[in-house]
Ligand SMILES: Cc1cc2nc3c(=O)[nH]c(=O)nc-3n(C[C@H](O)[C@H](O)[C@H](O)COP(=O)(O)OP(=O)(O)OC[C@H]3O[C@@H](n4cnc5c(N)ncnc54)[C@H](O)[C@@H]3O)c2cc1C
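As structure tokens, one chain now follows by itself in the form predicted alone.
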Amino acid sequence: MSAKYEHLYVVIEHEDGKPVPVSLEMLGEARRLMNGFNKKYSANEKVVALVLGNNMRRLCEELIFYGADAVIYVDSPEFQYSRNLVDTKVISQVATNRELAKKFSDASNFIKPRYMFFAADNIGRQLSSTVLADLESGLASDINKLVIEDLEIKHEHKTKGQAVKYEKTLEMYRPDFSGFLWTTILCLDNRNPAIEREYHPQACSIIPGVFLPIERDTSRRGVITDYIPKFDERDLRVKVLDRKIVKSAVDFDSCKAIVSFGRGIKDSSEQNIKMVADLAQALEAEVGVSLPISKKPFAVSEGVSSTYMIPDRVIGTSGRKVAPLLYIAAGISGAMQHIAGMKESGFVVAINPDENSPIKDECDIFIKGRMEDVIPLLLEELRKQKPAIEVKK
């Protein structure tokens, strides 16, 4: 018998007819989760990719190869460029359309998806919030770990203080601000009779680079279903005439070395940042930062702040994933969200006065000391070696 809430819908983003990497990553994790779900609950729920586009039929076939059981394809010239208002309304139409769900499942009682995934990027963060507001459910943002489990919950408001079993609950994890502790986010129905209400889909935006896509399998088969959208003419008054993709101002990919700093700059913030920048220049490296630095926790000049204490330089699950030949972490303790962004580096050097900091277990060389004492010595040695290196070149 069909349930009211079924399936995992994944909202796909694409560029020039190709899925952006995080879309395939979300599909891979969706496939793994629903394989486990169906086995555990003796169910047959689907991974459903949702595509808004124009002339994207070939993309729909690729999404089947990468893990989708079904693809709902909304084809219109209006989707050549993303517009949040239009995209939100159409995704909400699709998510509540029983006839569409019947194309790939027994959906006689279908109301909404059970789960829903978006990308935690510039488009997905905004789109996920407006769609879930439209669907009147909750949203967890910037997630990097997912588990489906049966939970016994006792909550003053949700359950009126009684222990209640919530089945098939999506546990959505993200690192807290420190990066050392996990925050678990749940989207739970109100079981308190005084405020009784159901919340579905259970939805989240997923950080790019966290999950792995599954291997492309051309033998996979699935259902591609077309949907003709219903537009409100008032929503189409805003047109996108042209678009230019603005790439990150920080080019980590072309650098063989990265020097990153964290809250260890605190004693002499401005001077220490400039010293890190000097070391990066000497190594022909780029400068990275840990997540807390992008929140500008220390007072420095506007020039230094706008150059270095910016989100584009964040390395970790809330920023960029890098893999340089050399990675130097100065004054970074080693929070898990940062480690996830640099663990594929070829050779890692950590500078930290605390020999018990977690970064020690992630590096090839650990230098116990304050960056103010260590980096000048490194710079002095590099200046000595520079003439010999230039001669060899």
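Rigid core: the largest C-alpha set superposing within 1.5 Å between the two forms. Residues carry their position along the shown sequence, with the first being 1. These numbers were taken from a predicted model, which means no experiment stands behind them.
This protein has a second form, the form predicted together with the named molecule, left out of what is shown; the following refers to that one.
Checklist entry - Though only this chain appears here, would Ala68 touch the named molecule in the predicted bound form if you measure heavy atom gaps against 4.5 Å? => result Residue-level check for Ala68: no, no contact with the named molecule.
Checklist entry - According to a 4.5 angstroms non-hydrogen atom cut-off, is Glu286 in contact with the named molecule in the predicted bound form? => result The answer is no: Glu286 has no heavy atom within 4.5 Å of the named molecule.
Checklist entry - Would Ile332 count as a contact of the named molecule in the predicted bound form, using a 4.5 angstroms cut-off between non-hydrogen atoms? => result Close contact exists here: in the predicted bound form, Ile332 approaches the named molecule to within 4.5 Å, heavy atoms only.
Checklist entry - Looking at the partner-bound form in the predicted bound form, is Asn144 within 4.5 Å of the named molecule by any heavy atom? => result Although the named molecule is absent here, Asn144 would stay clear of it in the predicted bound form, with no heavy atoms inside 4.5 Å.
Item to check | Option touching the named molecule, based on a heavy atom within 4.5 Å in the predicted bound form, out of Lys274, Arg125, Lys154, Arg83 | outcome: Comparing distances to the named molecule in the predicted bound form, the residue within 4.5 Å is Arg125.
Item to check | in the predicted bound form, the residue from Lys102, Arg263, Lys165, Lys256 that sits within 4.5 Å of the named molecule by heavy atoms | outcome: That would be Arg263.
Next on the checklist: Given a 4.5 Å cut-off on heavy atoms, tell me which of 36-44, 348-356, 23-31, 60-68 is the interface stretch with the named molecule in the predicted bound form.
Outcome noted: Contact-bearing stretch, as computed: 348-356.
Checklist entry - Since the partner is left out here, which residues of 310-341 would have a heavy atom within 4.5 Å of the named molecule in the predicted bound form? => result Val314, Ile315, Gly316, Thr317, Ser318, Gly319, Gly331, Ile332, Ser333, Gly334, Ala335, Gln337, His338 sit within 4.5 Å of the partner.
Next on the checklist: Is Gly334 displaced by at least 2 Å at its C-alpha between this form and the one not shown when the rigid core is overlaid?
Outcome noted: Yes, shifts by 2 Å or more.
Item to check | Post core alignment: Asp134 C-alpha displaced by 2 Å or more between this form and the one not shown | outcome: Moves: no, less than 2 Å.
Item to check | Displaced residue check between this form and the one not shown: Asp354, CA, 2 Å or over, core reference | outcome: Shift of 2 Å or more: yes.
Checklist entry - Leu212 and Lys360: do their C-alpha atoms lie closer or farther in the predicted bound form than in the form you see, with a change of 3 Å or more? => result Result: closer.
Item to check | Direction of the Cα shift between Lys295 and Lys145 in the predicted bound form, where the change is 3 Å or more | outcome: Relative to the shown form, the pair is farther apart.
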